[in-house]
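Below sits a lone chain in C-alpha cells, taken as the form predicted alone.
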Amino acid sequence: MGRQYLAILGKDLLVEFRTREILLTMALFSMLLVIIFAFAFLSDPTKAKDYGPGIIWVTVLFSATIGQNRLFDRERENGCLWGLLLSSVDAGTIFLAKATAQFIFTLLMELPTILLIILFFDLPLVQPMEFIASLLLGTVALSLVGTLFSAMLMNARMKEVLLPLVTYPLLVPVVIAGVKVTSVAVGAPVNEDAWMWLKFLLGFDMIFAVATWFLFGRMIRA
C-alpha cells in the first residue's frame, strides 16, 4: 500500500512539475485576487489587521478550488482512474495520494501569496507558530473535502460551478476558524483563544480524514 501511494503521488507531482498547469493557474489567480484586494482595501492602512486575515483565507479558499477542479482531469480524459480501480490498488490509497498532491499544490500556492499579502498590508506576525499551524490544518481540510468532491463531480457538466457549491458550505467553519487564529496571530484587537480554534481545526481534520477516506470508494463507483 505504501509503494502504491508513493507511486501515484510521485506520478502526480512529476507530471505537474513538468507541465505546471495546476500550479500556474492557482498562482496567477491568487496573485490577481491579492492585487484586487490591495487596491480595494489599502485606502485605510490602519485597519489592515482587521480585514487582512479574511483576505488571506478567502484567497486561499478560492485559489485551492481552482486546483481541485483540475485534480482528476488527466484520469478522466484517459480513463486512468477506472484502470486503477480495477487493479489491486485500494480506493483509499488513491484518495490519500490525490489529497496529498492537492495539499502540496495548495501549500506551494500559499507561500508567495501570503508573503505578498503580508507585504502589501504590512501585517505583523505576532504569533507565527499559531499562524503556520492554522494554515497547515486548514489546508489539510481544504484538500480532504476538495479531493472527495472533485472525484465525485469528475464527469459532471459544469463541475467548475458545482464544486464550490457543494464544498464551500462544509468549509465555512474551517475558514472561520482560520480567520480567528490569523487575527490573533497578526495582533488584531480581538478577544479570541487561538488554541481553541486550532483544536477545532484538528478535530475537523481528524473527522473528515476518516469520513472522506471511507466515502471515496463508494462515491467514485456510484
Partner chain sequence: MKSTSLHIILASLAAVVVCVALYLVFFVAPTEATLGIVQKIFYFHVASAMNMSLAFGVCAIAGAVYLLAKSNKWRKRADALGVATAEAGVMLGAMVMVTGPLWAKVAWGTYWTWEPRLTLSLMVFLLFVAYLALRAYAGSDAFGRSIAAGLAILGLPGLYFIRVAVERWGGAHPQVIYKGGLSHPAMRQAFFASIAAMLLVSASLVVLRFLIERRRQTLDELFLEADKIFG
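Predicted model only: the values in this text are computed from it and were never measured. Positions refer to the first chain, counted from 1.
Only in words, not in the display: the form predicted together with the partner chain, which the text now covers.
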Quick check: do F204, A211 and M219 each get a heavy atom within 4.5 Å of the partner chain in the model of the complex? yes
Counting any non-hydrogen atom inside 4.5 Å, which residue from L28, L165, A38, V58 sits next to the partner chain in the model of the complex? L165
Tell me, yes or no, whether P169 is in contact with the partner chain in the model of the complex, where a contact means a heavy atom of each within 4.5 Å. yes
Is A99 close enough to the partner chain in the model of the complex to count, meaning some heavy atom within 4.5 Å? no
Touches the partner chain in the model of the complex: L123 (any heavy atom, 4.5 Å): no
In the model of the complex, L32 touching the partner chain (heavy atom, 4.5 Å): no
Heavy atoms within 4.5 Å of the partner chain in the model of the complex: which of the stretches 156-164, 66-74, 47-55, 181-189 has them? 156-164
For a quick check, can you give me the residues of 173-192 that have a heavy atom within 4.5 Å of the partner chain in the model of the complex? P173, I176, K180
